[in-house]
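Okay, so here's just one chain, in structure tokens, the form predicted on its own.
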């Protein structure tokens, strides 16, 4: 492989790693600073979803040129993990938030509306 191609792949790897690191950091800061459970679960799920995507894209760029791994295997496995986590993380966060709501987990006093409570009261 040419040196120019390898350098471009290395730069793309670093850019994807920085993308993933940024969202993981934002998610961690959100977990520490946000006021209630609902905000924290949102920050955590977004941070993990986008952060892991960046790390896996970096793995695709970085490992696709290694002799021990074929590019097709690396890209296929990383893409499957990305697709799975784009489905699993939001669904898990939604289930956690709904369970917390049913358990009457207190909301931040600055919350403007509770749409689940309004829908439940309207259907009763």
Partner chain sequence: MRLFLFNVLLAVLWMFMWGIFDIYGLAAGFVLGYLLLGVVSRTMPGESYGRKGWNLLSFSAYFLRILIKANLQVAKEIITPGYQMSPRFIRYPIDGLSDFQLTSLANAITLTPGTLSADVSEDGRFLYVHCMYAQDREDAVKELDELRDRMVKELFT
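Positions refer to the first chain, counted from 1. Just so it is clear, the structure is predicted and the values come from calculations on it, not from any experiment.
Heads up, the form predicted together with the partner chain isn't pictured, but that's what we're talking about next.
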Contact of residue 91 with the partner chain in the predicted complex (heavy atom, 4.5 Å): yes
Indicate whether the partner chain has at least one heavy atom within 4.5 Å of a heavy atom of residue 77 in the predicted complex. no
Contact label in the predicted complex: residue 60 to the partner chain, heavy atom within 4.5 Å: no
The partner chain contact in the predicted complex: residue 107, any heavy atom under 4.5 Å: yes
Note that the partner chain is not shown here; using its position in the predicted complex, name the residues of 21-40 with a heavy atom within 4.5 Å of it, in sequence order. 22, 23, 26, 29, 30, 33, 34, 35, 38, 39
